[in-house]
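First, one chain by itself: the form predicted alone, in structure tokens.
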Amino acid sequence: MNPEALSRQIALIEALLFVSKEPVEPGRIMEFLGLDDIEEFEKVLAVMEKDQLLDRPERGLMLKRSGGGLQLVTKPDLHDELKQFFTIKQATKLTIASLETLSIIAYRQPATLTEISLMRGVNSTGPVKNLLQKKLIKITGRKQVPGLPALYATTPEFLVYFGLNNLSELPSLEELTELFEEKEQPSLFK
């Protein structure tokens, strides 16, 4: 690929990602650019990151793979100064009940409210409503049992919120178990 064509593709990718509020799927960008080969597309992204735009310390943006797509985001080391300038409010934090509920949905999806409540041992209507309002979960259908309860699953916003590209990046249940077992439990007798 000649340097002018490569520069044009990089400029178009940068512009697309800049104006998009949501991560853009690589397939859509490739189609727009007329690229058929994913390896060729990855080479364009590598040049964009390393040589042209994002890997330079004087630049304030970086390319991030999130929610199954690509987006331009500010570099994390600039966030404190940007918060001062814009007086950005921190994203609302999730309660323990919402995190428990979201974890169950993420690992068991789709799941009904009854299944979630049984796993948590308490009524989970409130946390489910909260997660629906935050658009971290959505109703994906109805379970074919009496009453036709709603089935809940995570959304692309869930992936973006937690900085994941897809659900396969969630730690396995075995990894989580090991992590919690490794944490030293406090002792009253030290």
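The shown structure was predicted, so the numbers you read here are calculated from the model rather than taken from an experiment. Position 1 is the first residue in the sequence shown; the rest follow in order. Whichever C-alpha set is largest while still superposing within 1.5 Å between the two forms counts as the rigid core.
Form predicted in complex with another copy of the chain: not shown, discussed below.
Contact check for K43: every heavy atom lies farther than 4.5 Å from another copy of the chain in the predicted bound form. Another copy of the chain in the predicted bound form is approached by L148, whose closest heavy atom lies within 4.5 angstroms of it. In the predicted bound form, P57 approaches another copy of the chain with a heavy atom inside 4.5 Å. The closest heavy atom approach of I38 to another copy of the chain in the predicted bound form falls outside 4.5 Å. Annotation for 1-25: interface residues with another copy of the chain in the predicted bound form are S7, R8, I10, A11, L12, E14, A15, L16, F18, V19, S20, V24 [heavy atom within 4.5 Å]. With the core held fixed, Q71 shows a CA shift below 2 Å between this form and the one not shown. Core-aligned CA deviation for L113 between this form and the one not shown: 2 Å or greater. With the core held fixed, G27 shows a CA shift below 2 Å between this form and the one not shown.
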